[in-house]
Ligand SMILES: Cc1ncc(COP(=O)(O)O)c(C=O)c1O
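Taking the form predicted on its own, here's one chain by itself in structure tokens.
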């Protein structure tokens, strides 16, 4: 049934395959019996294999077992889920927080919960696929604004008369590595909400790649010095810089309670294992105790960016440890990726439909050494 479609994908060099490692996640990984320096992971702080994270997860299994057995609204949650939600709210500076099983399930559950048929959503054109799907699942009118273009966004807003307007944006765009102009978007919402007795502008921020990276780890809100208003909802993940698994919504108490009662991906999902919650709690503790992790992350990022640009590559206005190397064609991206692989560097090609323009997506972490980055630069000197 699907053979012809698969053949067409292969002819266009768009057929994907899964690669499995036989080592822990980290700056160096073992695949197919070969060791590689890993520049493809979102484990920005190197916490996926941190001793405190691992030990905390082990203890949780010993005391609470592994499987959750039910949704949170039944008996699936444990005291660790509650502890993680309280710690996340404190970390994000909000009244409340709620755990989801992944960033994808968070966005596809929360967005339909906060947007109804009387709402209009304004979404950045480069928002993550999970946001796109969340918008599609909602009953709201969807309007796409040009990437990071707040003037265009403002013009579109002025044309709409819906009771509730929701602006949705990634904080860090996962394939381009640039940062949303959140300060300007915040001011746009603040100006309009300040004239109303009940704010009708919501700002929904997907901080998956900002949490643990921006604002000394606290994310995009802290990075821009934005007050966590009652009309701001932050979504983030534990699965990237925090090295664990799962996601969260953070906001004011009423917003989180509404999401708890209406987000289908929360209500109808088995709860995360308690050991995952324990790992996330431990990761937050590490972040608080080891601020030098951020210094290493950003120092490594600056070293890599400086050298990659010197080689003449286009990094597409990257502002974060996500460093895309733009290529003209899919074939060029595959060639560079294969060349890197042959030189002990794992950095796969990113192709349509994941992105419009093919590229190598390099992610630098705090766990990389100066020698790792030098190896990358040497390999990129084709």
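On a predicted model such as this, the values are computed, not experimentally measured, just so you know. Residue numbers count along the first chain shown, from 1.
There is another form of the same protein, the form predicted in complex with the named molecule; it is not shown, and what comes next is about it.
**OP:** Give a yes/no on whether residue 142 approaches the named molecule to within 4.5 Å in the model of the complex, heavy atoms considered.
**Re:** Because no heavy atom of residue 142 falls inside 4.5 Å of the named molecule in the model of the complex, the answer is no.
**OP:** Although the named molecule is absent from this view, report whether residue 294 comes within 4.5 Å of it in the model of the complex, heavy atoms only.
**Re:** Close contact is absent here: in the model of the complex, residue 294 is far from the named molecule, nothing within 4.5 Å, heavy atoms only.
Subject >> Heavy atom of residue 88 within 4.5 Å of the named molecule in the model of the complex >> reply: Output for residue 88 is no: heavy atoms all beyond 4.5 Å of the named molecule.
Original post:
residue 174: heavy atom within 4.5 Å of the named molecule in the model of the complex?
Top reply: Result yes; residue 174 sits at the interface with the named molecule in the model of the complex.
**OP:** Work out which of 242, 213, 235, 111 lies within 4.5 Å of the named molecule in the model of the complex, going by heavy atoms.
**Re:** Of the candidates 242, 213, 235, 111, 235 is the one lying within 4.5 Å of the named molecule in the model of the complex.
Original post:
With the named molecule left out of view, which of 303, 102, 200, 265 would have a heavy atom within 4.5 Å of it in the model of the complex?
Top reply: Contact residue from the list: 102.
Subject >> Option from 122-130, 143-151, 68-76, 249-257 whose residues, in the model of the complex, bring a heavy atom within 4.5 Å of the named molecule >> reply: Stretch with heavy atoms near the partner: 122-130.
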